[in-house]
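Here we start with a single chain on its own, the form predicted on its own, put down as structure tokens.
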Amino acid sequence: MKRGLHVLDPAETPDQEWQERVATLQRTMAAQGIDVALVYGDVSRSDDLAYLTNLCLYWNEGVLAIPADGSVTFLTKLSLRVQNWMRASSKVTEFSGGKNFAELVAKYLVGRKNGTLGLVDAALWPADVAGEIVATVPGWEVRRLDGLVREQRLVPSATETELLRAAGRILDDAAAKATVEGSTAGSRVETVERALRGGGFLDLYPSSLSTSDGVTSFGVTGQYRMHWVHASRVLGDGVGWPGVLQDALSAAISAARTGATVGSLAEAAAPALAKLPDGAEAEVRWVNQADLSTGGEFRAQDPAAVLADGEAGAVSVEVAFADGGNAAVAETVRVTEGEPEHLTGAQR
């Protein structure tokens, strides 16, 4: 369940940009012959819904129906009381409530000419929900689609970039306060919870790793508006292998430039990582901010993937030591043609 501040501010994201996000998706749908697209969301992965409408699923789940032409409709099992709150805090004007999504989709399609129904990012849908919908819409071709909305989110707009910068500043300050000398596991979590919730973060996930020689890595992944940032720091003075880890991260970040491949980040970090203790296994990862809500676990690392200008994501170096300990360092950066812009981190 999300517990932070949900905001709809036209000064941050103007109406025209909200309209263009839906219009861009509708143009893609038309090009692919999709008459109606459905976007599923629940509390753990609702960024596509938020991107298109500013809807926030503090709990429960929902389906957004997007026609190739016209306004979107949110299909929900939530009560009228909650729908009123969602109407006031999102760009959605049409809601449809009911007991299950199959009935809601069938009701939504009544009066529409049979055509093609697309399930956006179908691989991530709950199988039972998708199956029930397919069984309830005879006469319609149901097509399983890729992440059409995610693709729009991979390179943030100018307004989104400003929100990411704000998120990075708040998270960096919180992480610095949480990792001062003498901090404890409990105080670190308490500090970032207070600082990030107070700074307007909607959701956050603190995490800790430890090694047999007593070194702790403290990481935070947080959601500010609909955007995600991540940072992980190794506590201590950086002497020994922690310094090697930081050198590797710096090299990987420097390589994150327009046109670089994800694999080239690992290549840049390799000379530093070669100095880690024997038996240590290191991985250099790039996770676009569009995938940070799940830590990128639903997207396989593709070494051949090319970084686009303006793309933002987390560069991380994660190490598993031979004796079972683990450590990680990470920062969120924005890809440019020159030196990457640090959204979190000391070089910000």
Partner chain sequence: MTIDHAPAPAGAALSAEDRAELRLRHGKIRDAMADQGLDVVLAYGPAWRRENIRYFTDVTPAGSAALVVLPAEGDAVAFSTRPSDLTAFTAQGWVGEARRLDPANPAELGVVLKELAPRRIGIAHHELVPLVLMETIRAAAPAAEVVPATKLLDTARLVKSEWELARMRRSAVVCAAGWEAFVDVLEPGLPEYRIVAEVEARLKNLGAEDNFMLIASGRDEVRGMTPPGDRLLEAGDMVRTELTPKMDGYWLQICRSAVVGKADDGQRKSFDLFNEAVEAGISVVRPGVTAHEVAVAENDVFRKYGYGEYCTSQYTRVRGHGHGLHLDETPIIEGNHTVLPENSVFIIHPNTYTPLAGYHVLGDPVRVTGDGCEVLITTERKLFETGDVA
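Remember, predicted model here, so these are calculated numbers, not experimental data. Residue numbers count along the first chain shown, from 1.
Just so it is clear, the following notes concern the form predicted together with the partner chain, a form of the same protein that is not shown.
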{"property": "Proximity of residue 114 to the partner chain in the predicted bound form, heavy atoms at 4.5 Å", "result": "no"}
{"property": "Proximity of residue 193 to the partner chain in the predicted bound form, heavy atoms at 4.5 Å", "result": "yes"}
{"property": "Contact of residue 31 with the partner chain in the predicted bound form (heavy atom, 4.5 Å)", "result": "no"}
{"property": "Distance check, residue 323 to the partner chain in the predicted bound form, heavy atom within 4.5 Å", "result": "yes"}
{"property": "Heavy atom contact within 4.5 Å of the partner chain in the predicted bound form, the stretch among 77-85, 236-244, 106-114, 163-171", "result": "77-85"}
{"property": "Of 141, 151, 94, 128, the one that lies within 4.5 Å of the partner chain in the predicted bound form (heavy atoms)", "result": "128"}
{"property": "The single option of 155, 255, 124, 102 touching the partner chain in the predicted bound form, heavy atom within 4.5 Å", "result": "124"}
{"property": "Residues in 263-292 with any heavy atom within 4.5 Å of the partner chain in the predicted bound form", "result": "283"}
